[in-house]
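Next up: just one chain, as structure tokens, the form predicted alone.
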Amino acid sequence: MAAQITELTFLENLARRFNIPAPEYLTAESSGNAIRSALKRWQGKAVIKPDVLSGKRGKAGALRVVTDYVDAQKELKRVQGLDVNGHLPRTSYMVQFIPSEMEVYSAITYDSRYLGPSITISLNGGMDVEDISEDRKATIPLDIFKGLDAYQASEMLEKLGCPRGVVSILSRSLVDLWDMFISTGMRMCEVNPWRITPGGKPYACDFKAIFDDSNFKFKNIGFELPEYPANSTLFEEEMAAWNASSHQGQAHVSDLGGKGILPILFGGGASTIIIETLLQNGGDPIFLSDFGGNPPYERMYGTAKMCLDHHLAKAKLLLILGGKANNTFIDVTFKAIADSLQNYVDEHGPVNIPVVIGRGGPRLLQGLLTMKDTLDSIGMPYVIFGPDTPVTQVAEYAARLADNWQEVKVKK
């Protein structure tokens, strides 16, 4: 699966290297004298955080503001042992509290709508991006060779109503963020929020990123990725064993702890983009998956059956989506998924959730007809998108449909 990093790895290895302003920090292993000195230097206020591969740490109650040395030590130990949305921290750390008058959201990611990278900015930092209305955020495509310049960033900030005194320095920091993104082989990076001090200086106060592990720039990143405690779910363990049992077609999953969309995804990088789009639009995906590699029927049937057996009963929507395949036979994979759905319904009874499908590749028409016949037979509603529809648009639609479908069921 794609390599991820958190704020602590960013602070330790990337912020200073790319001149991105960020708070000072200390890890849980720091000495008592270092903690005392830091609190004094930071005007007696710090934030304790877990270093964990999970978002929404604040909503999980894992962030603590401390104002004295004793509380700091206690919270560093306590937070280090928390279970955060089903994930265990590697360690805990303490960052300088940055007083602010405003917060800004920014994200750079590859976007299939533009066939390249894009940047999104909002002056509503600190909120989940799916909760920010469209008129309060701006997105522009970026030229992979020219990148982002300060003029582009300034224009976006000005259109959003950013105070003039903040625009110049924040624009330069956003350019530095782009330089880091493109220089290290990232697929996605997000700063949420940039906290802007009363004096107008921005600080990157939370960070996450996903790398393209096939990009040569990532292979030469210059530091070792940290290892996190293993806390695999039963589903992940079973799928890992299934994946290792054959070289014919990959079966990679990473549990996200979501309760919304069950995603059967294909296409490596496309899978990551789809998941990010679902997250940004409130889709709450249950896991991240990549099931490409032209799997034969038996292989894909077993993979789909495992996904359905573990998660279909709690899902709000089934999403079958991927980019255009070159070598994967779509009719074979769709026949396997359709048969696993039919057998699930035969065994467990009717399933009243919608199915959203988007795919392209060899023998697509045969595959879509097979899926259509099966879904009609078992009475599951469905929407099928053609091969030219960008996967991000399909994912956005699926996220919104999942929410609306729940409303329809409640009204009934």
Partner chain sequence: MRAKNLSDLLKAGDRVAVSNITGREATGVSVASQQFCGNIVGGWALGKGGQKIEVPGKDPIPVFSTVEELMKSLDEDKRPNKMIVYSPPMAVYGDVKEIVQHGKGTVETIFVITEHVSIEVTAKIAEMCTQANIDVVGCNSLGIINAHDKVRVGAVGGDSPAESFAKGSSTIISNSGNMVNTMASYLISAGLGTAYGVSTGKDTLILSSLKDILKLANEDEASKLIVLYIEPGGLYEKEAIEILKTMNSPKPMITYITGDVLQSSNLSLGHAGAVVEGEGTSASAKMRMFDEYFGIQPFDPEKKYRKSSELVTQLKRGIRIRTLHHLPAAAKLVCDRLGIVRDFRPTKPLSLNPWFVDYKGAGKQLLSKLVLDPGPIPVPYKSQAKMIEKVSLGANYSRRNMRNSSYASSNDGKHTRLFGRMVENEMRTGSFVSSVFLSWTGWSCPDYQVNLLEKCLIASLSNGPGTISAQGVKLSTSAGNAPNTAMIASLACIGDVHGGNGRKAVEYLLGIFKDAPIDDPFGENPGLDLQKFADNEVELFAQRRMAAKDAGIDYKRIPCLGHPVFKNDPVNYDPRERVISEYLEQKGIGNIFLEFYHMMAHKLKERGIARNVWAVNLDGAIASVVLGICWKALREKRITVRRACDVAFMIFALGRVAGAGGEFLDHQDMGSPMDMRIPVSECVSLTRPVD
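The term rigid core refers to the maximal set of C-alpha atoms that superpose within 1.5 Å between the two forms. Residue numbers count along the first chain shown, from 1. Model, not experiment: these values are computed from the prediction.
Omitted from view is the form predicted in complex with its partner chain, to which the following refers.
K.L.:
Counting any heavy atom within 4.5 Å as contact, can you tell me which stretch out of 280 to 288, 163 to 171, 67 to 75, 189 to 197 lines its partner chain in the predicted complex?
P.N.:
Stretch with heavy atoms near the partner: 280 to 288.
K.L.:
May I ask whether Glu7, Pro21 and Ser154 all come within 4.5 angstroms of its partner chain in the predicted complex, judged by heavy atoms?
P.N.:
Zero of three within 4.5 Å in the predicted complex.
K.L.:
Consider Asn326 of the chain shown here, and say whether it contacts its partner chain in the predicted complex, taking contact as heavy atoms within 4.5 Å.
P.N.:
Yes.
K.L.:
Please tell me whether any heavy atom belonging to Asp206 falls inside 4.5 Å of a heavy atom of its partner chain, as the geometry stands in the predicted complex.
P.N.:
No, Asp206 sits far enough from its partner chain in the predicted complex that none of its heavy atoms falls within 4.5 Å.
K.L.:
Any chance Ser30 has a heavy atom within 4.5 Å of its partner chain in the predicted complex?
P.N.:
Close contact is absent here: in the predicted complex, Ser30 is far from its partner chain, nothing within 4.5 Å, heavy atoms only.
K.L.:
Heavy atoms within 4.5 Å of its partner chain in the predicted complex: does Val84 have any?
P.N.:
The answer is no: Val84 has no heavy atom within 4.5 Å of its partner chain.
K.L.:
What is the one choice in Ala34, Leu364, Leu63, Val345 with a heavy atom within 4.5 Å of its partner chain in the predicted complex?
P.N.:
Partner contact (heavy atom, 4.5 Å) among the options: Leu364.
K.L.:
Name the residue from Leu341, Ile264, Ile98, Val332 that puts a heavy atom within 4.5 Å of its partner chain in the predicted complex.
P.N.:
Contact with its partner chain in the predicted complex is made by Val332 alone.
K.L.:
Just to make sure I understand: among 186 to 224, which residues lie within 4.5 Å of its partner chain in the predicted complex, judging by heavy atoms?
P.N.:
Contacts from 186 to 224: Arg187, Asp212, Ser214, Asn215, Phe216, Lys217.
K.L.:
Return yes or no for Leu364: a CA shift of at least 2 Å between this form and the one not shown, with the rigid core superposed?
P.N.:
Result for Leu364: yes, a 2 Å-plus shift.
K.L.:
Arg90: after superposing the rigid core, is there a C-alpha shift of 2 Å or more between this form and the one not shown?
P.N.:
Arg90: C-alpha displaced by less than 2 Å between this form and the one not shown.
K.L.:
Using the rigid core as the reference frame, would you say Gly55 shifts its C-alpha by 2 Å or more between this form and the one not shown?
P.N.:
It does not reach a 2 Å shift.
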